[in-house]
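Presented as structure tokens, the chain that follows is alone, the form predicted on its own.
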Amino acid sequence: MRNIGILCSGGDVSGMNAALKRFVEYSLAKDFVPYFIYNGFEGLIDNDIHRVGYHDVAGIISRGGTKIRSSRSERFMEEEYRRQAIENLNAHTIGYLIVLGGDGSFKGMQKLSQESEGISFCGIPATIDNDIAGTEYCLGVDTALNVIKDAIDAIRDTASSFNRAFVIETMGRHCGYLALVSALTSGAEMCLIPEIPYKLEEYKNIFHRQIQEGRGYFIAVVSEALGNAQQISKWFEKEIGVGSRVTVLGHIQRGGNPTVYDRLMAFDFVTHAIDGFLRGDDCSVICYNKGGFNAKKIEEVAFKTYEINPFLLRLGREYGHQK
């Protein structure tokens, strides 16, 4: 009997429930016995581990968040609690564990791998920040981008009606991916992210010229990593001469009905994770690059810095320059 577990760690993303559904159904198809570990690494420490079947994933594919909940575990930093987590896995004879999460979650997974014997681990990148090295895409990103798109489209209606500037702050932690892609695909006039230096004086010259040519409003998308949304709003009023408002989208970006793409990606990630176990992989992360999936060693992912696609950065550098 091959027992296999799955847990979610860190921030939730839309698509996790689709991954749980595929996990149960594909595990059973491959003669594994599936277990849910509730509340992430905290639940692993507390032995919140339960055998599951088809009925546990019925109807969850359209729901955002994660049915088995997630957490950020301070206790997991301490060896004694990791030892307890390993003992709990052994008590349930779980020989395979899938971890859905981000960089910190994978570092925790690696610690378990180093400190345990006979247990194989596989990570699935799941963070709307899309800041995991080694993969072009993380689960949940498409849904988050669509939530941002809908918000910006709605805000544009008000911006154009009142001839205002709206400064929209997106999430992303230290990475500007969400802000950059959202700005490009929503037709924003300004995009500020940590990866691209900018000069407000150049934006000022461009915007004054555009106003003379008839522009009545502006959409600015800024990354939370810069922490300057209020500053940029005041700049619009003082230097550009238009009324300005700040909209912090916040945690709505992490929820919502998962898109078709994220549901399909969830199925793909989980399928490749389980297939990797069948091949004998013992500690890997499933990555998506150039249209294909591959398993990479944890060291290639968790201890390297993510870099945004160069072509996207090239497009982003067009902002704030005279045209």
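Just so we're clear, the structure is a prediction, and the values are computed from it rather than from any experiment. Just count from 1 along the sequence shown to find any residue number.
One more form of this protein, predicted together with a small molecule, exists but is not displayed; see below.
- The stretch that touches the small molecule in the model of the complex, counting heavy atoms within 4.5 Å, is 124-132, out of 88-96, 124-132, 226-234, 210-218.
- Among heavy atoms of H251, some come within 4.5 Å of the small molecule in the model of the complex.
- The closest heavy atom approach of G108 to the small molecule in the model of the complex falls outside 4.5 Å.
- Heavy atoms of R164 never reach within 4.5 Å of the small molecule in the model of the complex, leaving it off the interface.
- Within 4.5 Å of any heavy atom of the small molecule in the model of the complex lies no heavy atom of R82.
- None of R72, R75, R245, K149 but one reaches within 4.5 angstroms of the small molecule in the model of the complex through a heavy atom, and that residue is R72.
- With the partner omitted from this view, the residue of I196, I119, M171, A159 that lies near the small molecule in the model of the complex is M171 [heavy atom within 4.5 Å].
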